[in-house]
Ligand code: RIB
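Just the one chain here, the form predicted on its own, laid out as C-alpha coordinates.
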(Lines give C-alpha, C1' and ligand atoms only; values in the text may rest on other atoms or scores of the structure.)
Protein backbone atom coordinates (compact mmCIF):
# COMPACT_ATOMS: atom_id res chain seq x y z
CA UNK A 1 0.00 0.00 0.00
CA UNK A 2 1.50 3.29 -1.13
CA UNK A 3 0.30 6.52 0.46
CA UNK A 4 1.43 10.00 -0.57
CA UNK A 5 1.16 12.66 2.11
CA UNK A 6 1.36 16.34 1.21
CA UNK A 7 1.67 18.60 4.23
CA UNK A 8 3.63 20.39 6.86
CA UNK A 9 6.90 19.45 8.51
CA UNK A 10 7.71 20.99 11.87
CA UNK A 11 10.07 20.63 14.74
CA UNK A 12 8.06 20.57 17.97
CA UNK A 13 9.42 22.43 20.98
CA UNK A 14 7.46 20.80 23.77
CA UNK A 15 7.20 22.16 27.30
CA UNK A 16 5.30 20.42 30.10
CA UNK A 17 3.88 22.32 33.04
CA UNK A 18 1.04 22.00 35.53
CA UNK A 19 -0.78 25.06 34.19
CA UNK A 20 -0.38 27.69 31.52
CA UNK A 21 1.27 30.94 32.64
CA UNK A 22 -0.88 34.03 32.86
CA UNK A 23 -0.01 37.02 30.69
CA UNK A 24 3.31 38.43 31.92
CA UNK A 25 3.86 35.54 34.34
CA UNK A 26 6.95 33.30 34.55
CA UNK A 27 6.55 29.70 35.62
CA UNK A 28 8.99 26.81 36.09
CA UNK A 29 8.39 24.00 33.59
CA UNK A 30 8.59 20.32 34.42
CA UNK A 31 10.28 19.20 31.19
CA UNK A 32 11.33 20.33 27.71
CA UNK A 33 11.93 18.22 24.61
CA UNK A 34 12.60 18.78 20.89
CA UNK A 35 10.90 16.32 18.53
CA UNK A 36 9.78 16.14 14.93
CA UNK A 37 6.19 17.15 14.20
CA UNK A 38 3.89 18.90 11.74
CA UNK A 39 0.58 17.45 10.59
CA UNK A 40 1.94 16.15 7.30
CA UNK A 41 4.98 14.57 8.91
CA UNK A 42 2.92 13.07 11.73
CA UNK A 43 0.49 11.50 9.27
CA UNK A 44 3.35 10.13 7.19
CA UNK A 45 4.83 8.46 10.28
CA UNK A 46 1.40 7.03 11.17
CA UNK A 47 1.05 5.57 7.67
CA UNK A 48 4.54 4.07 7.85
CA UNK A 49 3.92 2.56 11.28
CA UNK A 50 0.67 1.03 10.00
CA UNK A 51 2.60 -0.81 7.29
CA UNK A 52 2.23 1.55 4.31
CA UNK A 53 4.93 2.85 1.98
CA UNK A 54 4.64 6.49 3.04
CA UNK A 55 6.01 9.24 0.79
CA UNK A 56 6.01 12.74 2.29
CA UNK A 57 5.96 15.85 0.10
CA UNK A 58 6.74 19.01 2.06
CA UNK A 59 9.43 21.59 2.79
CA UNK A 60 12.15 22.25 5.36
CA UNK A 61 14.75 24.99 5.70
CA UNK A 62 18.54 24.82 5.53
CA UNK A 63 19.16 24.68 9.26
CA UNK A 64 19.85 22.19 12.08
CA UNK A 65 16.11 21.71 12.68
CA UNK A 66 15.80 20.31 9.15
CA UNK A 67 18.38 17.65 9.99
CA UNK A 68 16.43 16.71 13.11
CA UNK A 69 13.15 16.42 11.24
CA UNK A 70 14.46 14.49 8.25
CA UNK A 71 16.58 12.17 10.38
CA UNK A 72 13.63 11.20 12.55
CA UNK A 73 11.29 10.79 9.57
CA UNK A 74 13.76 8.54 7.80
CA UNK A 75 14.20 6.54 10.98
CA UNK A 76 10.46 5.86 11.04
CA UNK A 77 10.62 4.57 7.45
CA UNK A 78 9.15 7.60 5.68
CA UNK A 79 10.36 8.32 2.13
CA UNK A 80 11.78 11.87 2.28
CA UNK A 81 13.15 12.11 -1.28
CA UNK A 82 10.45 14.57 -2.38
CA UNK A 83 10.97 17.09 0.43
CA UNK A 84 11.93 20.58 -0.78
CA UNK A 85 14.83 22.40 0.94
CA UNK A 86 14.13 26.14 1.13
CA UNK A 87 17.06 28.53 1.25
CA UNK A 88 14.78 31.44 2.13
CA UNK A 89 13.11 30.26 5.35
CA UNK A 90 13.84 28.29 8.48
CA UNK A 91 12.26 24.92 9.15
CA UNK A 92 8.80 25.31 10.63
CA UNK A 93 8.46 25.09 14.40
CA UNK A 94 5.59 24.46 16.78
CA UNK A 95 5.93 25.69 20.35
CA UNK A 96 3.73 23.34 22.38
CA UNK A 97 2.73 23.67 26.01
CA UNK A 98 1.11 20.61 27.63
CA UNK A 99 -0.59 21.23 30.97
CA UNK A 100 -1.34 18.94 33.89
CA UNK A 101 -4.56 17.69 32.27
CA UNK A 102 -2.63 16.66 29.11
CA UNK A 103 -4.36 19.32 27.02
CA UNK A 104 -2.12 21.34 24.72
CA UNK A 105 -1.74 24.85 23.36
CA UNK A 106 0.30 25.26 20.18
CA UNK A 107 1.95 28.29 18.57
CA UNK A 108 3.07 27.56 15.00
CA UNK A 109 5.73 29.35 12.95
CA UNK A 110 5.28 27.74 9.52
CA UNK A 111 8.61 28.88 8.08
CA UNK A 112 9.65 26.80 5.07
CA UNK A 113 6.20 25.19 4.90
CA UNK A 114 5.04 28.46 3.34
CA UNK A 115 7.64 28.02 0.57
CA UNK A 116 6.18 24.75 -0.72
CA UNK A 117 4.78 25.71 -4.14
CA UNK A 118 2.39 24.44 -6.77
CA UNK A 119 5.41 24.07 -9.05
CA UNK A 120 7.07 21.70 -6.59
CA UNK A 121 3.85 19.67 -6.45
CA UNK A 122 3.87 19.40 -10.24
CA UNK A 123 7.43 18.07 -10.11
CA UNK A 124 6.23 15.44 -7.63
CA UNK A 125 3.08 14.55 -9.56
CA UNK A 126 4.23 11.02 -10.34
CA UNK A 127 4.79 10.24 -6.67
CA UNK A 128 1.13 11.16 -6.06
CA UNK A 129 -0.43 9.57 -9.14
CA UNK A 130 1.33 6.24 -8.56
CA UNK A 131 0.18 5.99 -4.95
CA UNK A 132 -2.84 4.09 -3.69
CA UNK A 133 -4.13 7.08 -1.69
CA UNK A 134 -3.39 10.75 -0.94
CA UNK A 135 -3.54 12.32 2.51
CA UNK A 136 -3.72 16.13 2.86
CA UNK A 137 -4.30 18.67 5.63
CA UNK A 138 -4.42 22.49 5.80
CA UNK A 139 -1.13 23.47 7.48
CA UNK A 140 0.38 24.58 4.15
CA UNK A 141 -0.89 27.06 1.54
CA UNK A 142 -4.32 26.11 0.25
CA UNK A 143 -3.41 26.34 -3.49
CA UNK A 144 -0.74 23.67 -2.86
CA UNK A 145 -3.28 21.44 -1.10
CA UNK A 146 -5.73 21.91 -3.96
CA UNK A 147 -3.11 21.09 -6.59
CA UNK A 148 -2.20 17.87 -4.78
CA UNK A 149 -5.87 16.91 -4.70
CA UNK A 150 -6.29 17.72 -8.39
CA UNK A 151 -3.34 15.51 -9.33
CA UNK A 152 -4.75 12.61 -7.32
CA UNK A 153 -8.30 13.15 -8.59
CA UNK A 154 -7.18 13.15 -12.22
CA UNK A 155 -5.32 9.88 -11.58
CA UNK A 156 -8.29 8.28 -9.83
CA UNK A 157 -6.48 8.15 -6.49
CA UNK A 158 -8.64 8.20 -3.30
CA UNK A 159 -8.15 11.37 -1.24
CA UNK A 160 -8.49 11.84 2.51
CA UNK A 161 -8.83 15.49 3.52
CA UNK A 162 -8.17 16.18 7.19
CA UNK A 163 -9.40 19.82 7.43
CA UNK A 164 -6.96 20.81 10.16
CA UNK A 165 -6.12 23.28 11.52
CA UNK A 166 -9.68 24.63 11.51
CA UNK A 167 -10.35 27.15 8.74
CA UNK A 168 -12.84 27.86 6.01
CA UNK A 169 -12.21 26.20 2.65
CA UNK A 170 -14.03 26.38 -0.69
CA UNK A 171 -16.65 23.75 -1.50
CA UNK A 172 -14.46 22.44 -4.33
CA UNK A 173 -11.98 21.10 -1.75
CA UNK A 174 -14.74 19.04 -0.16
CA UNK A 175 -15.94 17.81 -3.54
CA UNK A 176 -12.46 16.64 -4.55
CA UNK A 177 -12.03 14.56 -1.40
CA UNK A 178 -13.29 11.00 -1.00
CA UNK A 179 -13.16 11.30 2.80
CA UNK A 180 -13.45 14.44 4.96
CA UNK A 181 -12.58 13.93 8.64
CA UNK A 182 -13.12 17.04 10.81
CA UNK A 183 -13.00 17.04 14.58
CA UNK A 184 -15.59 19.02 16.54
CA UNK A 185 -13.79 22.38 16.22
CA UNK A 186 -13.15 21.90 12.50
CA UNK A 187 -16.72 20.79 11.88
CA UNK A 188 -18.01 23.90 13.65
CA UNK A 189 -15.76 26.12 11.52
CA UNK A 190 -16.92 24.45 8.29
CA UNK A 191 -20.64 24.19 9.10
CA UNK A 192 -21.35 26.68 11.93
CA UNK A 193 -22.81 23.70 13.82
CA UNK A 194 -20.96 22.51 16.91
CA UNK A 195 -21.27 18.70 17.12
CA UNK A 196 -21.84 18.41 20.86
CA UNK A 197 -24.00 15.29 20.53
CA UNK A 198 -25.14 12.84 17.84
CA UNK A 199 -27.96 15.07 16.65
CA UNK A 200 -25.66 18.02 16.00
CA UNK A 201 -22.99 15.73 14.55
CA UNK A 202 -25.58 14.53 12.04
CA UNK A 203 -26.46 18.14 11.22
CA UNK A 204 -22.80 18.99 10.59
CA UNK A 205 -22.35 15.90 8.40
CA UNK A 206 -25.45 16.78 6.37
CA UNK A 207 -24.14 20.29 5.73
CA UNK A 208 -20.80 18.90 4.59
CA UNK A 209 -22.60 16.50 2.23
CA UNK A 210 -24.55 19.47 0.92
CA UNK A 211 -21.29 21.28 0.22
CA UNK A 212 -20.01 18.36 -1.84
CA UNK A 213 -18.35 15.97 0.64
CA UNK A 214 -19.06 12.35 -0.24
CA UNK A 215 -17.99 10.48 2.91
CA UNK A 216 -17.73 12.29 6.23
CA UNK A 217 -16.23 11.26 9.56
CA UNK A 218 -17.09 13.62 12.43
CA UNK A 219 -14.47 12.92 15.10
CA UNK A 220 -15.86 13.37 18.61
CA UNK A 221 -12.81 12.60 20.75
CA UNK A 222 -13.54 10.14 23.59
CA UNK A 223 -17.13 9.80 22.30
CA UNK A 224 -15.89 8.16 19.10
CA UNK A 225 -17.02 9.31 15.68
CA UNK A 226 -19.99 9.53 13.35
CA UNK A 227 -19.46 7.94 9.94
CA UNK A 228 -21.75 9.22 7.19
CA UNK A 229 -21.74 8.32 3.50
CA UNK A 230 -24.94 10.16 2.68
CA UNK A 231 -26.81 6.84 2.39
CA UNK A 232 -25.29 4.97 5.35
CA UNK A 233 -24.64 6.26 8.84
CA UNK A 234 -22.99 4.53 11.77
CA UNK A 235 -21.68 5.54 15.16
CA UNK A 236 -18.26 4.20 16.09
CA UNK A 237 -17.92 4.16 19.86
CA UNK A 238 -14.93 5.77 21.53
CA UNK A 239 -12.38 4.06 23.76
CA UNK A 240 -12.03 5.46 27.27
CA UNK A 241 -8.41 6.04 28.28
CA UNK A 242 -6.45 8.37 30.55
CA UNK A 243 -4.64 10.77 28.17
CA UNK A 244 -1.01 11.73 28.62
CA UNK A 245 -0.36 13.70 25.40
CA UNK A 246 -3.06 14.52 22.82
CA UNK A 247 -0.65 16.15 20.33
CA UNK A 248 -0.82 14.26 17.03
CA UNK A 249 -3.81 12.11 17.97
CA UNK A 250 -5.82 13.33 14.96
CA UNK A 251 -2.85 12.71 12.67
CA UNK A 252 -2.48 9.18 14.04
CA UNK A 253 -6.21 8.66 13.38
CA UNK A 254 -5.86 9.83 9.77
CA UNK A 255 -2.89 7.61 8.97
CA UNK A 256 -4.44 4.56 10.60
CA UNK A 257 -7.79 5.19 8.88
CA UNK A 258 -6.39 5.35 5.35
CA UNK A 259 -4.13 2.34 5.96
CA UNK A 260 -7.01 0.18 7.16
CA UNK A 261 -9.39 1.45 4.50
CA UNK A 262 -6.94 0.46 1.77
CA UNK A 263 -7.01 -3.07 3.20
CA UNK A 264 -10.77 -3.42 3.76
CA UNK A 265 -12.52 -0.69 1.69
CA UNK A 266 -14.83 -0.46 4.73
CA UNK A 267 -14.91 3.04 6.23
CA UNK A 268 -16.61 1.98 9.47
CA UNK A 269 -14.06 -0.76 10.11
CA UNK A 270 -11.29 1.71 9.23
CA UNK A 271 -12.66 4.17 11.81
CA UNK A 272 -12.76 1.48 14.50
CA UNK A 273 -9.13 0.69 13.76
CA UNK A 274 -8.20 4.40 13.74
CA UNK A 275 -9.95 4.91 17.08
CA UNK A 276 -7.87 2.10 18.56
CA UNK A 277 -4.67 3.67 17.18
CA UNK A 278 -5.51 7.16 18.46
CA UNK A 279 -6.50 5.83 21.90
CA UNK A 280 -3.07 4.25 22.22
CA UNK A 281 -1.31 7.38 20.97
CA UNK A 282 -2.86 9.72 23.56
CA UNK A 283 -1.50 7.52 26.33
CA UNK A 284 2.07 8.19 25.17
CA UNK A 285 4.18 11.34 24.82
CA UNK A 286 5.40 12.52 21.42
CA UNK A 287 3.45 13.39 18.28
CA UNK A 288 5.42 10.81 16.28
CA UNK A 289 7.22 8.63 18.80
CA UNK A 290 3.90 8.12 20.59
CA UNK A 291 2.20 6.62 17.52
CA UNK A 292 1.78 2.88 18.15
CA UNK A 293 2.99 0.11 15.87
CA UNK A 294 0.67 -1.85 13.62
CA UNK A 295 1.02 -4.89 15.85
CA UNK A 296 -0.01 -2.89 18.92
CA UNK A 297 -3.08 -1.48 17.18
CA UNK A 298 -4.12 -4.91 15.90
CA UNK A 299 -3.90 -6.31 19.42
CA UNK A 300 -5.71 -3.32 20.97
CA UNK A 301 -8.53 -3.24 18.40
CA UNK A 302 -9.20 -6.96 18.91
CA UNK A 303 -9.14 -6.88 22.71
CA UNK A 304 -12.34 -6.44 24.76
CA UNK A 305 -13.14 -2.78 25.49
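Residue numbers count along the first chain shown, from 1. Computed from a prediction, not measured in an experiment: that's the story for all the values here.
Missing here is the form predicted in complex with the ligand; even so, the following discussion is about that form.
May I ask you to state whether residue 255 is within 4.5 Å of the ligand in the predicted bound form, using heavy atom distances?
Taking the distances in the predicted bound form, the answer for residue 255 is no, it never comes within 4.5 Å of the ligand.
Taking heavy atoms and a 4.5 Å cut-off, does residue 216 contact the ligand in the predicted bound form?
The answer is no: residue 216 has no heavy atom within 4.5 Å of the ligand.
Taking 4.5 angstroms as the cut-off for heavy atoms, does residue 291 touch the ligand in the predicted bound form?
Although the ligand is absent here, residue 291 would stay clear of it in the predicted bound form, with no heavy atoms inside 4.5 Å.
Answer yes if any heavy atom of residue 108 is within 4.5 Å of a heavy atom of the ligand in the predicted bound form; otherwise answer no.
Contact check for residue 108: yes, within 4.5 Å of the ligand in the predicted bound form.
Answer option from 205, 225, 94, 128, heavy atom within 4.5 Å of the ligand in the predicted bound form:
Only one listed residue qualifies here, and that residue is 94.
Mind telling me which stretch in 245 to 253, 260 to 268, 65 to 73, 22 to 30 gets its heavy atoms within 4.5 Å of the ligand in the predicted bound form?
Going by heavy atoms within 4.5 Å, the stretch is 245 to 253.
Across 35 to 62, which residues bring a heavy atom to within 4.5 Å of the ligand in the predicted bound form?
Sequence-ordered list: 37, 38, 39, 42.
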